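A single chain comes next, written as structure tokens; it is the form predicted on its own.
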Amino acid sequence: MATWKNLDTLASYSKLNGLKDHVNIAEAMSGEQGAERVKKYSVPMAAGLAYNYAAKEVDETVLDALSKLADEAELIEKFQELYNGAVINTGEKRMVLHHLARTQLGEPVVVDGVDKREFYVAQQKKAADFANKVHAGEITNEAGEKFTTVVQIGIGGSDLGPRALYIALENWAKANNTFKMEAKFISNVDPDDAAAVLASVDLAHSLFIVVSKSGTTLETLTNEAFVKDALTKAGLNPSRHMLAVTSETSPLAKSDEYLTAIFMDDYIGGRYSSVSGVGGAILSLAFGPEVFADILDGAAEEDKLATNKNILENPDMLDALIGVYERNVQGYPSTAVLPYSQALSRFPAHLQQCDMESNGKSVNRFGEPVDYVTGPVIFGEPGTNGQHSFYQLLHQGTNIVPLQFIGFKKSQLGVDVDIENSTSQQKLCANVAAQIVAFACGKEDENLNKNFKGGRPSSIIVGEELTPKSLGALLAHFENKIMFQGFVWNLNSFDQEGVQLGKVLAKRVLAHDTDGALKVYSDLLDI
């Protein structure tokens, strides 16, 4: 079994700490040596993607130190324990099995006589069969008419991941004739969210997916009641328009108020659940089960790369270790995720939850305080929009923010125009290439207001086109990166106690059981 130790007790970390500011990236990325770095510092990913880290503050010396850290921290051994069913989630005493939803990396994982890989595949098939029947007109509304829209009701991981993946593939599906149904999402308990979505759809031809593992999530049940009220007022039977994605022990599981129930379990956390029924039901309805299967295939291919002990052949672990170097040695407090693809407009928001909810911890997996910094603040926006927003701070601000670019050679729709001897896609790609070099190398100017110091590290994941398989690979890459970083920091990356206190206090407010500042704020908001 692997040994779990705090980062600051590892000998390899002490040596890594001696390499602060070891590489001057402005110099390293200049001239011919910069060109050679771009060619050399690249690792193949799944589905035709590549992770290029030429503009990161690393060289052979730093990479060797990171490799020794990976070995001493037993990262691959810990990953093996995870996918073979060890109780990695120490806070909730649970296994962590989202990888098993896309492939079998190790031994069969059996719980109470149930093979969990078979369970996940069975639920994927159940979602696929339901979607196919809806598309074929075998499952219809009360008037025998086909459903044209599907709306997901869920919050957190039941919203952010599936929404990001839907938006990422909406145009691709239209261009490839796999677009089946429009999808929308209701997440916020703010009544304007539900009201606006309901006003934008034809209720009679809409399906609603209620996603709640426990069947007790306050925001989700409130929005479900909101939707049921709207359906009833429209003279429709809610039970003919709703299905559930929930656990087998949830009150939603056996209810006759739903057309069907797709099951999940306790071993796939919300922020990792896009590859379970949480994402499978809505994406299969929107694009067809084959597209969802391709997402899983891309993720599975990337997961297999993550089992490689050689960090120079394991893009997920390499990205994670460079992130640890930036956070714990270089002292950078945040990371920006910058996809140069409008289709990935909500991907940074999904990664924000996935990363910050996983590694935003100040105690280790044994509940003991740690004496080093852990997860960074994650934010981002698609390029080139972000260039006209926060890039000013990224280029000339007092904090250095590591950057993770994502770019594709081709657009999804293939509709473009040539203006001034270049297409829009070429202009998009030109901007991302220019930004990497501008951030790294900067530009000297006697006018300090126009001076760019450079030295801003970045990486880029490059692909031919954003497709279901490359999207799956991208998703798995970042999930695995987060996992490996949690291992290095000796965290439990799979619970989220930090979200609980606010919920408890909110219930007190609604029950009018308040005093002190909480009562005054409640009165201020007229609750």
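When you see a residue number, it is the position in the sequence shown, counting from 1. Everything numeric here is computed off the predicted structure, so don't read it as measured data.
In what follows, reference is made to the form predicted in complex with a small molecule, a form of this protein that is not presented.
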Exercise. Does Gly270 reach the small molecule in the predicted bound form if we count a contact as any heavy atom within 4.5 Å?
Worked result: yes
For this session: Although the small molecule is absent from this view, report whether Gln152 comes within 4.5 Å of it in the predicted bound form, heavy atoms only.
Result: no
Problem set entry | Gln496, heavy atom within 4.5 angstroms of the small molecule in the predicted bound form | yes
Exercise. Does at least one non-hydrogen atom of Gln435 fall within 4.5 angstroms of the small molecule in the predicted bound form?
Worked result: no
Seminar exercise, completed: Testing 212 to 220, 187 to 195, 374 to 382, 134 to 142 against the small molecule in the predicted bound form with a 4.5 Å heavy atom criterion leaves exactly one stretch, namely 212 to 220
Exercise. Within 4.5 Å of the small molecule in the predicted bound form, heavy atoms considered, which of Asp294, Asp265, Glu326, Glu357?
Worked result: Glu357
For this session: Report the residue, out of Gln412, Ser341, Gln353, Asn89, that has at least one non-hydrogen atom within 4.5 angstroms of the small molecule in the predicted bound form.
Result: Gln353
